[in-house]
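In the block that follows, a single chain appears as structure tokens, in the form predicted alone.
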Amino acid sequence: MGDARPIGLFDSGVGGLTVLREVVRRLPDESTIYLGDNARAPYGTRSDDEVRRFSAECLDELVRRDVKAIVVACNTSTSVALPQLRRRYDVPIVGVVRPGATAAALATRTRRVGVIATPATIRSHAYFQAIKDENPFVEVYEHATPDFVPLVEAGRLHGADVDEAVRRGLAPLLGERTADGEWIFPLPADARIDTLLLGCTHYPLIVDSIRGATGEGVAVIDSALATASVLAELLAINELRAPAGSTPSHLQLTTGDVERFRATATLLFGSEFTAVEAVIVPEAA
């Protein structure tokens, strides 16, 4: 029979659209409803209590729309609120931390992984623990980059100012380049990372600047693809896949500015996803 109900995806803003993009590619028959809490972004500088409350209010909205599964496509919410959210709802919920950690643990050759994320995600040490669960011998270097999400939410995805902000943000983890392009690392030679995990779904939207800062030899890991694969397995196990050949529908909701949100969505999806609506959740009213 199959289940034609939509998959719900939630993020603090536009970052989770990178996860939505991979879900649509991986599961082309599935309908989706995406909710971005842009009015209260970024979550990464909020208190843990605020993150839990805001996340629950947004998932309440998705559950009211009868979604069959939910992807918490926000690393901060996954890190801080996921256990509470799973207890609150009788709906399968997938986070983004575990899939990303697994991908990073598999990608590293030297067993040295750097993680960049929001202050709240880094404070939780969720990625540190998840990577250690996958491979306890991997050295994990965590670093908060609070300036990246506001850039993305403002629609500033390219340009010299973004490159400079990324270079400054990553310098404590990667070091600085000399005039001839050689790296000066603040870490000892035997602690240089070969893998950088993007611990925030906003960050893939500025991945060109990030790759420019890391240079060659550092694998940059985006958890979106791994999360889409985990979601596909969850739907199959729970017999929630949409019927083959279904005609999917896609709706985006935002608590913030609709036109700004649509502009970012258009960069990722072209004219495919134009159904963007405003939604008000209690605390954003």
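These numbers come from a predicted model, not from an experiment. Residue numbers run from 1 along the displayed sequence.
Omitted here: the form predicted in complex with a small molecule. The next part is about that form.
Scanning 108, 121, 209, 145 against the small molecule in the predicted bound form with a 4.5 Å heavy atom cut-off leaves one residue, 121. Among 126, 166, 149, 174, the residue placing a heavy atom within 4.5 Å of the small molecule in the predicted bound form is 149. Within this chain, residue 101 is remote from the site of the small molecule in the predicted bound form, having no heavy atom within 4.5 Å. With a 4.5 Å cutoff on heavy atoms, residue 44 counts as touching the small molecule in the predicted bound form. Contact annotation for residue 200: at least one heavy atom lies within 4.5 Å of the small molecule in the predicted bound form.
In short, of 84-92, 154-162, 69-77, 211-219 it is 69-77 that has heavy atoms within 4.5 Å of the small molecule in the predicted bound form.
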